[in-house]
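In the structure tokens that follow, a single protein chain appears in two forms: structure 1, then structure 2.
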Structure 1
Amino acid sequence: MTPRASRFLAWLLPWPAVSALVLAVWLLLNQSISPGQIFLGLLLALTAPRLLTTLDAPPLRIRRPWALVRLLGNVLPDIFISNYKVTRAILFSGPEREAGHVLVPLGIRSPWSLAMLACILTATPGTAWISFNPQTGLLLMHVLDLKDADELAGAITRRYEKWLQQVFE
């Protein structure tokens, strides 16, 4: 592709992934793939992401889509396991279970991977993201069962951070 063409493409689609998402959401919402709806969806996909440029968000570049698949392969089983654990904690909670705040050091810094990690940690019941300090690189989170906390830091690094780093950084 000539530099001129690629510059035109970058001007036309400042956020290719967001444009694709807008088009997909429009077609799903209308439940049709008729040419008219595709035309309206394309119109939206070309104009709506332009609003994002005023937000000054860092560019979204997915480096290795395959790592994203591996990441999801790690997250889905974890959601089931933690759902089971929290169900047990709710229904048969004994006095021995202790909840508490933990500080976990993180190695990732890209806003996209941090946002993704926040989604993952919130989607797995039993862990709640509270705040991340970019100066110290420490994440403050609340865990329902402190017995799991020891494995947690290692699990976050091995199962999520490693793949997030490959996808976004």
Structure 2
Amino acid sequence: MTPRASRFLAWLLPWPAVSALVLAVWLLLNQSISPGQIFLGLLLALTAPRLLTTLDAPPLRIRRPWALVRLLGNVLPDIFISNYKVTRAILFSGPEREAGHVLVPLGIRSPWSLAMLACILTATPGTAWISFNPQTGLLLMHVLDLKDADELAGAITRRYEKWLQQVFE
């Protein structure tokens, strides 16, 4: 392949795996492999990754893959337990349930670590990422059934931040 053709292919498909995934998801969601759906899926698969290049994200570098497995081992049970607790709190708790906000001091600064933590906290029922102040490193989050803010902040640091640092920073 000539250098010119190689540059054109890199421009056309900056992330081939993302393009393939977009096409596959498009076809699965539409439950059709008709020519029209394939055409629309290809159009989306070629344009979506080009739009992602404008985000100017730093390159993803996973330092310790085993730490990612350990992080997943913490996250999945926490999501399951949180589902159970939130369901129980909604169905069986009276007005004594206390929702609140928690400030969590974070040491992580990598955009990838922060994005992963935001996904984890948002995917965990009963918690929501509200804002992060990059100057102070403070995360503000909302908790549906808050019992001990300090305990929750410590748990986030121990169970998630520690492993995110090992994976991304």
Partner chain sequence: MIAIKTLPDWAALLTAFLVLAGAALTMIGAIGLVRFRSFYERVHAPTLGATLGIGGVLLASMVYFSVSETRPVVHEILIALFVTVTTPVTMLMLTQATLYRDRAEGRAPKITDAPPLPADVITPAPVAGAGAPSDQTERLAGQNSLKTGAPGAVSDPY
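Under this definition, the rigid core comprises the largest set of C-alpha atoms superposing within 1.5 Å between the forms. Throughout, residue numbering runs from 1 along the sequence of structure 1. Being a predicted model, the structure only gives us computed values, none of them experimental.
K.L.:
Which one here is the form predicted on its own?
P.N.:
Between the two, the form predicted on its own is shown as structure 2, not structure 1.
K.L.:
Rounded to whole degrees, state how far the smaller rigid part rotates against the larger between structures 1 and 2.
P.N.:
Interdomain rotation between structures 1 and 2, rounded to whole degrees: 48 degrees.
K.L.:
Can you give me the Cα shift for Ile33 between structures 1 and 2? Core-superposed, in angstrom, one decimal please.
P.N.:
Here the C-alpha difference is 15.2 Å.
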